[in-house]
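What follows is one chain in structure tokens, specifically the form predicted on its own.
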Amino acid sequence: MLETVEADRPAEVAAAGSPEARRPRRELLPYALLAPAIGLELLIHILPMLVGVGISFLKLTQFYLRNWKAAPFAGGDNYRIAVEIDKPAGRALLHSFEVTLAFTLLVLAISWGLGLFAAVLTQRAFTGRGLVRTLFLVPYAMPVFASVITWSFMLQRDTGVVNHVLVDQLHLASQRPFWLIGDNSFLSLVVVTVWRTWPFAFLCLTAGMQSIPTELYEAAALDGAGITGQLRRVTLPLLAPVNRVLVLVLFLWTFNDFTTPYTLFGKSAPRQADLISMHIYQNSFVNWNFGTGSAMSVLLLLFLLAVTGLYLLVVNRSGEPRTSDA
């Protein structure tokens, strides 16, 4: 009996080390490697989002911060307050939405245009191209707070370098304008955000242009196409897959941006630059109305999800190959 068991043991060991036995372990390895990332995603993003959705159905104010469970159930009252445009809260949220939409479209268009221009400018090899590309990426590589705080010092009315150059050096204005309050605050926010955002567009478009064969440009040049013709017939069509993702990412990042306006203006942004992220922050952490602020956050999430779904639907349909009727 003992000899039989010892004779069967090498066969069992061999079977355990066979490729068929190792295959399930290899199939489970990707899931094991993804498990920590999925767990952190659930902990950092999904769980707070679900908590925020739950708070949006409560009348949670500063009086119930110590005991959230005692906050009265509000039902859909917080959402109704947010969307009633004939009431002050609804009108304020609508104004913030309009400002955010105009801000996002301007930043997206200017950042994409500057990124494309810089990518085309540095596409061909020349002396110092690596240095130029590095300098273009400096605003994107700098920490957000450091760069925006620097801009806030530069835009100060009395001591800022912007007014010093415009008024004292170039004499383009008789008085020092305000850049962080009033009508100019929206322009300042756009300029600072574009300065931070366009290098990312430049980086993505440059990476996409590396995959375009130079033979296509040579063929287009032989056909008589100039720089504009090559851009329209060669560069932009082949960059379509990159642009589809880039435009969506820039839209979501810019529309949902909170760090830039908060660092630039502080806790209270001017009405002309009242982005929806700052509006939600003021309702939640300045007015201490967490229920209404959470409802606004959920509405913002639903809007961004709807825009993303509609954009992907349109892009996928336009990108499908057309079949001829013949």
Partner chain sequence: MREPTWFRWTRRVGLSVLSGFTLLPIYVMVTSALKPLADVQGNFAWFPTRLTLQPFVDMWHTIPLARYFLNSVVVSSIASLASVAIALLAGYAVSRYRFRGRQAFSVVVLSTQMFPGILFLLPLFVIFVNLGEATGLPLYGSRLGLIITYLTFTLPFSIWMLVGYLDSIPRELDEAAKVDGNGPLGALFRVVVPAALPGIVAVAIYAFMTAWGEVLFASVMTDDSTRTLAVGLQGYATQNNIYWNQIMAASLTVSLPVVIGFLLLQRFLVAGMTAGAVK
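Positions refer to the first chain, counted from 1. This structure is a prediction, so every number in the text was calculated from the model and none was measured.
Only in words, not in the display: the form predicted in complex with the partner chain, which the text now covers.
Asks: Hey, in the predicted complex, is residue 52 touching the partner chain, heavy atoms inside 4.5 Å?
Replies: Contact check for residue 52: yes, within 4.5 Å of the partner chain in the predicted complex.
Asks: Is there any non-hydrogen atom of residue 272 lying within 4.5 Å of the partner chain in the predicted complex?
Replies: Residue-level check for residue 272: no, no contact with the partner chain.
Asks: Wondering, does residue 95 line up within 4.5 Å of the partner chain in the predicted complex on heavy atoms?
Replies: No, residue 95 is distant from the partner.
Asks: Heavy atoms within 4.5 Å of the partner chain in the predicted complex: does residue 179 have any?
Replies: Judged by the heavy-atom cut-off of 4.5 Å, residue 179 is well away from the partner chain in the predicted complex.
Asks: Of the options 121, 187, 85, 105, which one has a non-hydrogen atom that comes within 4.5 Å of the partner chain in the predicted complex?
Replies: Only one option qualifies, and that one is 121.
Asks: Looking at 236, 173, 109, 149, which has any heavy atom no more than 4.5 Å from the partner chain in the predicted complex?
Replies: Among 236, 173, 109, 149, a heavy atom within 4.5 Å of the partner chain in the predicted complex occurs only for 149.
Asks: Sequence order please: the residues of 167 to 192 with a heavy atom within 4.5 Å of the partner chain in the predicted complex.
Replies: Residues within 4.5 Å: 168, 169, 176, 191.
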